[in-house]
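Below you will find one chain, with nothing else, as C-alpha cells; this is the form predicted alone, and questions on how it binds or moves follow later.
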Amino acid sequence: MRVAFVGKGGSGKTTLSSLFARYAATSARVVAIDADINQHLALVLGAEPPRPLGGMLTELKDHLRGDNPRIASAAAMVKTTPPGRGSRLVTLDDPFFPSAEVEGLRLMVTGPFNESDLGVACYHSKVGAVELYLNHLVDGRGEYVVVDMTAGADSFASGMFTKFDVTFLVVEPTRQGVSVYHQYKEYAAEFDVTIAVVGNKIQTAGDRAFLREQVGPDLLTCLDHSPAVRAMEQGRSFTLNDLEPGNLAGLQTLLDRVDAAEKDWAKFGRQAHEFHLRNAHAWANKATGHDLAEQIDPDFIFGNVALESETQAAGGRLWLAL
C-alpha cells in the first residue's frame, strides 16, 4: 500500500511520517521516501541520506523505460510517463534505487536544491523521480511505501497526489490547520482521492473537541503532544517503546486504516493516463518535441498482472539468449 503524509508546514507531517514508517516496519516491509523540499526525514530517522533520486533522473528514466517501444529515449520520458508493455516494473526491493537501511526500513530521498538549481529550477523536477517510481511500482500485501510530501497545497501541484491508497492529512487544532483541511478536502474530492485527518500536537480535551467539531467524521485519530517525540526531534535516543500508550494506539489506528483500504489498480491506471495527457497538452509535448499521448499503451494492465507478464517475458528473453 502507498501512504502519503500531507499538511501545512509545521504541522508535524515529517515526524508522523517517520513514526508511522517505523511502526509499520515492525511487522512489514517498508520504504520511506522524503519528497519534501525541506529534507528532514533522514534527520528524524537518524540516517545518513542516500544518493538523491532527483539527481539521477536520466538514469532512472532509462531504467524504467526498459524496451518499451512507445518511449524513444529518456529525453522523451517525463515525470507522468506511464508504464506500458516493455517497461521495467519495480518492486520494493529493487536494488537500482539508492536507499539507506534504518530502523528496519529502507529510506529514499529526492534530495535538496543544489546551488545550480537556485533561481532556475522547480522542485517538481526532483519530485518527478518519485512520481516515476510510483508509476512503475507494483507493491504487494504486507508492503508499504510511506511518502513525506511537500508542505501546503503544493502537494497537489502534480499528479503524484493520485498515486496513494491513503493520504493522511496532519492537522493541528487551530483555525489555520482546519482551513488547510477544507482546502485539501476540496482538491481531493475532485479526483477521488481518499483523505483521513490525523490530529496532531493535542494538549487538552478542548483540542480534541475542536477538531471533532470542525472536521467531523474525516477525523480518524489524534496524537498527543509527546515528550518522547520532542526528545527524538532534539536528537536524543528514541524507540517506539518510549511513546505514550495513546500515541502508540494512534499509530495502530493509522495502520488499520491503511490495511482496510482496497487496492484499485484500475483507478490508478486511469488517473496515470489522465494526468499524463494533462501534462502532455500543457507543456510536455512542446518540451520534448513528441506527441506524448502515444506513450499510453491502452492494452497495458496495471498491477500484479503486468509484473507477472514482464517476469515471463524476461525469462523468455533469457532463454533465447542462452
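Note that residue numbering follows the sequence shown and begins at 1. As the structure is a prediction and not an experimental result, all values here were calculated from the model.
One more form of this protein exists, namely the form predicted in complex with a small molecule; it is left out here, but the text below deals with it.
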(message) Looking at heavy atoms inside 4.5 Å, which stretch does the small molecule contact in the model of the complex, given the options 204-212, 221-229, 158-166, 173-181?
(response) 221-229
(request) Consider Gly303 of the chain shown here, and say whether it contacts the small molecule in the model of the complex, taking contact as heavy atoms within 4.5 Å. (result) no
(request) May I ask you to check whether Glu143 falls inside a 4.5 Å heavy atom distance of the small molecule in the model of the complex? (result) no
(request) Report yes if any heavy atom of Asp242 sits within 4.5 Å of a heavy atom of the small molecule in the model of the complex; otherwise report no. (result) no
(request) Mark Glu233 yes when one of its heavy atoms lies within 4.5 Å of a heavy atom of the small molecule in the model of the complex, and no otherwise. (result) yes
(message) I need to confirm a contact call. Of Val90, Ala188, Ala151, Leu251, which residue comes within 4.5 Å of the small molecule in the model of the complex, counting heavy atoms only?
(response) Ala151
(request) Can you work out whether the small molecule is within 4.5 angstroms of a heavy atom in all three of Gly10, Asp36 and Asn200 in the model of the complex? (result) yes
